[in-house]
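This document opens with one chain alone, in structure tokens, the form predicted on its own.
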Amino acid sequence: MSQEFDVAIVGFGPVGATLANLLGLHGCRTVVLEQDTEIFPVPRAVHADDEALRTFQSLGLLESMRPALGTYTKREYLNAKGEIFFEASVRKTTAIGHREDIYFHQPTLEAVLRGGLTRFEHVDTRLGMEVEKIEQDNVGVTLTARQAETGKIETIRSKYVVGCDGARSLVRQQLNIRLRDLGFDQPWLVLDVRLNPDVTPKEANLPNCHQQYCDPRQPVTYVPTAVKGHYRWEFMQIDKPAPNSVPPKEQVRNLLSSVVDPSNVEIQRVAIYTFHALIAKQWRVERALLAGDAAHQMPPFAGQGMCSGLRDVHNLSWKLALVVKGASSDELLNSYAVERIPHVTRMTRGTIFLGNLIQTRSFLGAYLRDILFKTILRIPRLFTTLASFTLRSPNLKKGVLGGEISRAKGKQFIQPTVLLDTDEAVPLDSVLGDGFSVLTIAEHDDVLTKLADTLITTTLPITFVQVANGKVTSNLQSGSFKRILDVEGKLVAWFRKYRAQFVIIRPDRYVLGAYTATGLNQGMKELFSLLCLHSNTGVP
């Protein structure tokens, strides 16, 4: 039996499920193939940042995820004496409108992501389906998959396929894509526990902060997921274990006893993971693409593994949508790797740097590190530089970017609270919609209306938004035009900072370009050119 789709996704973890939701919102006929029949019951990924939360917001699922999310107050780095030599507070709200960092319970989060797909009749999920072969031709991809329960073979046709199938990706293997090793290979024992219901975190001495014990004798990471009573410790393996080995129970108990009273917790999972730093040399081969762990793997010290996978699919989804709907040529998909590989490479190198500080076995190196970090804490600019290198997402440098004002492009656009003409206060993204958006502080209604009416005739989804300082009115009669009140003054401040009148924002909320009052018409032509749009899209 052969079935036709726009996009086939192999793998149904958080990254694959997020991509399926994004494609569903874009109206793409999508099928997800997953070899397992149930969600893995124990958390693996545990950390998400503000950009990941913004992605979940764009899915319309963030509020449903709240029971799976837990907050913590700060990150602490302790030396061999148990003294804090470096700490950083977690910001409650960043410029993009979300908490800087949170922890989550992966099984619950995955259930919400999967449940979100029931909104879309054009998205199909196939559990218990193991993909065995991927074949490409000039117009599409043929996937051969076997049903785990019956052994029945199914053939599925799609225009494109995206491998979100993890570190051992079959899609990557089928494409003969090799991995680039950035030089990190270290086994750690991961210990997940659940706090007994009759014990409080305070009684068990489990603080609500992320801690790195940077002791050369035994580096340890403490992760207070604090969702449904789950906690995690990660112990660097001093003696490299045999592949696929199970640590002795006595070793596990001794390690657990060094951080918590074992009688207060129940062990949920014990596993040895080898942390790697690997990046696929290619992310696209014709009609097949990679995302998430299939495309890159990094140590967990900055908590950016899943976050990077979510950036992958938020970047890729709108490009796929334009291509499969015939608006753009598939040259647009080449920008996916152009944008994402340098970004994830920098994030991985920053993570390695942080990991080497944490897990050094040299007592002299640890002593010098402690002095360095204590110095950094006293100099705010040094602290900001270090944090931006190791913990924060860098800007995009190349790809679908333009504009007259170069220092504005490639950044995540801010997300303040704004006021609608109904006096309802909402986050900015709820006004922008799922496609492109143009924001302006210009006040020439006739010019803006004409441009908005022109844009609505194209096949490119664009929302046009005017930022007002005073009372919001509804004078403009255009279906693609919205007016908002900048109640916090943050949007006007952004435009003043970059001396801009217009900004074009991509569906993944990165700034495509910022323009002066006279530059928008040229900017729209630039937008259409960058998107490789076909001539029948109605370029103004």
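A quick note: this is a predicted structure, and the numbers were derived from the prediction, not measured. Position 1 is the first residue in the sequence shown; the rest follow in order.
There is another form of the same protein, the form predicted in complex with a small molecule; it is not shown, and what comes next is about it.
J.: For this chain shown on its own, do Glu100, Val193 and Tyr222 all sit within 4.5 Å of the small molecule in the predicted bound form, going by heavy atoms?
T.: No, none of the three is in contact.
J.: Just one of Phe436, Phe86, Phe275, Tyr213 has a heavy atom within 4.5 Å of the small molecule in the predicted bound form. Which one?
T.: Contact residue from the list: Phe275.
J.: If the cut-off is 4.5 angstroms on heavy atoms, which of these, Met306, Met347, Leu396, Val323, is the one near the small molecule in the predicted bound form?
T.: None of the other options qualify; the answer is Met306.
J.: Residue-level contact is defined here as any heavy atom of the residue lying within 4.5 Å of the small molecule in the predicted bound form; does Gln415 satisfy this criterion?
T.: Heavy-atom contact with the small molecule at 4.5 Å: absent for Gln415.
J.: Is Glu339 a contact residue for the small molecule in the predicted bound form, using a 4.5 Å heavy atom cut-off?
T.: Because no heavy atom of Glu339 falls inside 4.5 Å of the small molecule in the predicted bound form, the answer is no.
J.: Using a 4.5 angstroms cut-off on non-hydrogen atoms, would Glu488 count as touching the small molecule in the predicted bound form?
T.: Although the small molecule is absent here, Glu488 would stay clear of it in the predicted bound form, with no heavy atoms inside 4.5 Å.
J.: How about Val503 - does it come within 4.5 Å of the small molecule in the predicted bound form, if we only consider non-hydrogen atoms?
T.: Outside the cut-off, so no.
J.: Partner absent here, but in the predicted bound form, which of 347 to 355, 199 to 207, 68 to 76, 122 to 130 has residues with a heavy atom within 4.5 Å of the small molecule?
T.: Looking at the other structure, the answer is 122 to 130.
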